[in-house]
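Laid out below as structure tokens are two forms of one and the same protein chain, each shown alone and named structure 1 and structure 2.
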Structure 1
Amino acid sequence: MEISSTITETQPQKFALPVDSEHKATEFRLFSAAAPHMRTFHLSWVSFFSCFVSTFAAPPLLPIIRDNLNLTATDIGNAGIASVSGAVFARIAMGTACDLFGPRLASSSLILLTAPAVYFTSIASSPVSFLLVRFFTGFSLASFVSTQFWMSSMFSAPVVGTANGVAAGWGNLGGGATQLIMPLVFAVIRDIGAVKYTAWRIAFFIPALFQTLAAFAILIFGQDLPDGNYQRLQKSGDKQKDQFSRVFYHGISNYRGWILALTYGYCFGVELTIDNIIAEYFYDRFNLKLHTAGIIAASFGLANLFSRPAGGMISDMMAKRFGMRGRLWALWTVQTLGGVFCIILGKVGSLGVSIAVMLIFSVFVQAACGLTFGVVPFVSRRSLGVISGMTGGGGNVGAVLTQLIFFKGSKYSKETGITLMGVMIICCTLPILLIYFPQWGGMFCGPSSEKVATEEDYYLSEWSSKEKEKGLHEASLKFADNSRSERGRRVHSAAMSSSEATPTNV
């Protein structure tokens, strides 16, 4: 797979991939491990994959765990909610940490700090202790934010949607892979001679070890930016240390970030919900064997192999032709169709049709996740981490609310809950219609006609005149110049006319 941009610049010799003025790669070469761009890509998705495996290691073994710990339906529901609720604020904090300290330290620190909770799952002895280990393990899902921040820092505008989509999609594969891995590991340990109530406990050492190794790989081989790590760049004066208060303010005051947080709550949030309930749903409703239910459930998460990356690629392709407006239309359309198929999934009653509809639903809802993070990198340059954290946190909030409303206890049957969840998806996708960029437009209208709005106007509005005098805005200037491709087919003619006071990039 190779995706090339239309940007033509004199390329420095020190990078294996062609780069733009920020040294972000303008090509995405999936099967390359070239440092720093593609090495960072592989480190990010593998580490995020390990966190997904750990967080959702319990659901495929729930039929065994619930008997061992005497868990009720309410206990299981509460534990599922706990597993995704911890990451709500952790994702927002992770975004800020990436902005201030860099994704390498932020990501590896979080993964190492949450690994002990995975080990402690093996000694859970009550509903409360089971809930607590799932809660603290779930914090690791905040590594998603560092993954998306990292990709947005390494890849240029024309390919950033693809990079974000593939990294997050392959990371999310962990939610499906663990549905296969954990029953298999459990079976091997049991066949060796352990009783089943001991075998499931030993099985948790596998995801815990995987997560630990992933964290050390990031520390040893990772790099924050194409030009180096934050600490070295700040010491050399090549990167200025930003103020937390200003970074945070410009993030939370941008309404586009809040809308994307809401809509992401009903694509990624729904994916997290399905990861928690789908194995038990098929096991109970269709009287399947544990291993069979696990295979079916795994197929939902494993669709991330291509569905979320496809969402990112569709976002980039739509932007190339229609600009940012194309990205927004694609996101709204795909996520709304995901809601429709979710409703259908709750209505069908046969095993074969349920599996087929679930697979179609998984493709749309996961592609919507990729499409969302085709838009996120352009909301703010200065507060990219905060916007990524808000959006990612919104995904967890959506998962928590959905499980509280529809899947906690016995108020609704699971099939009814799935149908109502589909309605929520459609309703919560509508606010995308309100997103508007003055320099690019929105779904129903083009750029501002009252005043000629440029990319520089938008991104430099995050900096005060005093900060500009110190040169702190230079990275935003380069990003604005490289974001002209979001005009779509207008870009060539617009760039050739009157030069629009384009800054000279150093």
Structure 2
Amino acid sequence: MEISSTITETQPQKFALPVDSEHKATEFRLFSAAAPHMRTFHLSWVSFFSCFVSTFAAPPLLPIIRDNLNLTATDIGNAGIASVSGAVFARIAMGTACDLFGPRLASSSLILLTAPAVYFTSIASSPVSFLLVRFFTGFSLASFVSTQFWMSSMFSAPVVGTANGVAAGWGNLGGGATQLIMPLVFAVIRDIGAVKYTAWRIAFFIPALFQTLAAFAILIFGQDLPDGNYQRLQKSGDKQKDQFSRVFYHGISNYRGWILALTYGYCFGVELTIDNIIAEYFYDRFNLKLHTAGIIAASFGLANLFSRPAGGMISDMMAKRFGMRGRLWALWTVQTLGGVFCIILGKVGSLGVSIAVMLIFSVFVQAACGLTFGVVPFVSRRSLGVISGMTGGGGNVGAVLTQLIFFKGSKYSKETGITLMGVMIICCTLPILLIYFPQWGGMFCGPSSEKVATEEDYYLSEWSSKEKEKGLHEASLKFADNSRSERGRRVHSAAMSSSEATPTNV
């Protein structure tokens, strides 16, 4: 069912970017701040960036904090685990909140409610209080889900992968930037005259204020959809509400969601783990200054500037030629190579080689994150929010597990832990071999030849016949049509003949 552009609406809206029938932008112009699409993009990635800065503000200052609060290696490990465990369930809940309240209110509420945890880090005085503040600050990482949800609401299929990849990648940059920012801020405050143990406390006000201001910006300048905010649209009947229980069921009963949750735990989860341990690793192993260790640690996270978006773009490129099978092969290959370089990183003993290996490792691991979210949008249409939340939450579970097994206490030296983590990456990436779409195939099998499986069969299986009678499945039908390009080049001619939503300028 196409919505024709010749029907004039009561209020003809003018958008700075070309839009489709749902008013989603069909172009992604990075250097524009035009409302609402690009402005949303910038609000979104900056606020997500601020959450990452806050969550990983402690690790680069740990050499100071561990002496001030008398922390043991076990205390530090526990706090690191706590910092990423809160978001496991928060990410799944965030998907629901976005559905019900809209990404603008959901994300700004989360960010403002977790800001106190960052302010209170300044007055932490024991291992327990340190763990608590890191735990509550970590909840803010659930804003990943609202970022992706918001991008999917503002950007159309041809550019949604890029928009999602850049927003997520630039947000993850915060994990790297904070390793630079915090030692710098600490040094400035200390040089002004504060003693070490006071300087780090004052330094925490910077990420806290940044987070508060980012949330204000969202509330003042943001809007949920190209046409306005949820509250207004729901009252006028322009937006349909789906049933939460059905959406949730179809999400968690899809095995592909669980496999992707596991594998995302071993690209994104590994990224979070490294954010937590790498500064201390370089400081202790190579006897560097705090400032220097921070710069090296930062370069890991800063690679996100291009590597995660590149992963998304590689996924799209592979899909053009080889369809979904190409996406899966690219994901498995890149993530496995990430594991190989992780093993090497733990083994090298000289500083220069260590930095080089870490940089290569970071590119592969972050590209794998981007590649994962090249597959996620196709797993389910009705339950996209739940699948995204599961995958995102799985990322944090991976971070919790790796820190628990390899980086808690003094059982393994950090270098051994890193090598073993690499082995675990390779093992936990193998399940991608099991992902199979009847209409497109999997890594080793082609599409189902027993019966002609179509995209419609797959996406409409999420709706009951009663729901189909009411016509609730229309959006899934449209999506199924658009997703035919996942068959790859050999059926490109078939894809051309099926009608796609023509972009319209309103």
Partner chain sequence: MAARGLLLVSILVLSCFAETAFGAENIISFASLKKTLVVSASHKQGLLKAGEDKITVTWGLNQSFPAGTDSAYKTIKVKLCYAPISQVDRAWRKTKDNLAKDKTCQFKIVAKPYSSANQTFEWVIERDVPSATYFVRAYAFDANDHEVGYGQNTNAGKTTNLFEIQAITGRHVSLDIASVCFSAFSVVSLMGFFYAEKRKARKSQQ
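These numbers were taken from a predicted model, which means no experiment stands behind them. C-alpha atoms forming the largest set that superposes within 1.5 Å between two forms make up the rigid core. Structure 1 provides the reference sequence; residues are numbered from 1 along it.
Chemist: Identify which of the two structures, 1 or 2, is the form predicted together with its partner chain.
Modeler: Answer to the question: structure 2 is the form predicted together with its partner chain, whereas structure 1 comes from elsewhere.
Chemist: After the core is matched up, is the C-alpha of L351 off by 2 Å or more between the two structures?
Modeler: No, the C-alpha moves less than 2 Å.
Chemist: For V375, is the CA shift between the two structures at least 2 Å following rigid-core superposition?
Modeler: No, V375 moves less than 2 Å.
Chemist: Superposing on the rigid core, do we see a C-alpha displacement of 2 Å or more at Q223 between the two structures?
Modeler: Yes, Q223 moves 2 Å or more.
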